[in-house]
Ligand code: BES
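Okay, so here's just one chain, in structure tokens, the form predicted alone.
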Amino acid sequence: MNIKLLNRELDEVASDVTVVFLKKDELAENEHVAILQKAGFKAEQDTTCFLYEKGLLFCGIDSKKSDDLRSATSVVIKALKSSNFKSAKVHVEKKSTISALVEGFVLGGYEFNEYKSEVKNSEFKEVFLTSNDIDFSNLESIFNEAMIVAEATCFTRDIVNKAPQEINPQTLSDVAKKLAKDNNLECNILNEDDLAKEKMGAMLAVGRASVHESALIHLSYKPKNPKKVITLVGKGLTYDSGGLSLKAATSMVTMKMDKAGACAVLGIIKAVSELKLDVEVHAFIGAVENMVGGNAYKPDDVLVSRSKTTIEVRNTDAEGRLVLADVLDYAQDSVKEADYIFDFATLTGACMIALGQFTSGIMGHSHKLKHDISKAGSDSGEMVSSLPFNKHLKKLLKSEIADISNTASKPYGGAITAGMFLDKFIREENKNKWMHFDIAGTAYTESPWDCNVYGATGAGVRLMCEFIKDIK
């Protein structure tokens, strides 16, 4: 599907369909009110009425704000793709809504059909966004930025959605190498021999029962004279069986999404490099497969991490934090001048219980950073909520035989205790630079919502691009 921004009046553009967004209080004033009322259309949010013979598609919205418009546009594109029309046009009322329209059309119209033997091709091919604003060059810039971020989000979705027999630590490394080549990024891959030299005992333990070797991926985007340096760390569990603490069969389905943190990091650095932002970005990914075998790591094992912190294993399904512990330590040594350190991980089901499936959890020490991230979330349409660290919960990670346990002794506050485990591996001088993003609920959905269709959502990409664009 092709999307174009045109510097024209709506009636100057030829298309098969005109899309009209209507609020309830605007319905009575519309020239087609009689037929809309006969059709039972009340202009409620995300409801549509398609007047096929007139080439008009009406969609209800509660407000002209970006969140409502993005969601409505996602509904509109589905209706257009199910029709036999080939093109549609929409008038852009305000420049602040361009991103919402682009995301609604691109992300709401996303499909992942790679494994279907027969794909029904839609007749619909083209969307025209029209505006006669005198500051059209500024509108065009916003439009182009929105397209880059939306396409990077789809890039992220594609990798997450790929089946586990296709994406393993080595093939994920190949994806990173190709991205580096295409976007002129620096790329360094550490194989298992390298990881052993780095003494990354926690990460190596998680992947040792897999036939696929673990890898640490480091991509760098280095513009001249960057105003800030950002380190991104992604959990890349290309598949998580739970290890010897085996997941229930139903819980294993969708576990290809356990690499979503790593994929988000790839999507973010892709977008930042294409936007040509003057911020240096380093992306570190711990690519591992957690499987079952005679050499699998076990509950009761004591692992020695790269930081020399010893970890008592109580549950092999709490593996992501073990991988991140070593990668975070390596990243802090590799990029000592980082102004921010952000890790993204589908870390805990507890986060989804706490916040629901629509909100990512953020954890850290800096109240200002939490506020800035929350603002970026509101502006980008990705909802986030802070989960507070608690000294009493920290006691639950105490181990009698090692420095720390990989799971809490009680099942409460599981998302927070996982974040506090990671905090153990953040050095004192970096505490206020670090933020943990638990995207377990938001990274994948089996029920479409907002601009998210079935499968991967690309959580984290729009959020972080908004944050980085606004960095002073």
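Note that the coordinates shown come from a computational prediction; the quantities given were computed from them, not determined experimentally. Numbers for residues come from their place in the sequence shown, where the first is 1.
Form predicted together with this ligand: not shown, discussed below.
- Remark: of stretches 95 to 103, 207 to 215, 178 to 186, 233 to 241, the one touching this ligand in the model of the complex is 233 to 241 (heavy atom within 4.5 Å).
- Proximity of T348, M352 and T407 to this ligand in the model of the complex is complete: all three residues have a non-hydrogen atom within 4.5 angstroms.
- Scanning N315, N191, S385, N144 against this ligand in the model of the complex with a 4.5 Å heavy atom cut-off leaves one residue, N315.
- Only one of K247, H365, K199, K78 lies close to this ligand in the model of the complex, with a heavy atom inside 4.5 Å, and it is K247.
- The shortest heavy atom separation between C59 and this ligand in the model of the complex exceeds 4.5 Å.
- This ligand is not drawn, but in the model of the complex it has no heavy atom within 4.5 Å of L69.
- Of the heavy atoms in L369, none are within 4.5 Å of this ligand in the model of the complex.
- Taking non-hydrogen atoms only, K270 never approaches this ligand to within 4.5 angstroms in the model of the complex.
- In the model of the complex, K247, M255, M257, D258 are the residues of 244 to 262 with at least one heavy atom within 4.5 Å of this ligand, listed from first to last.
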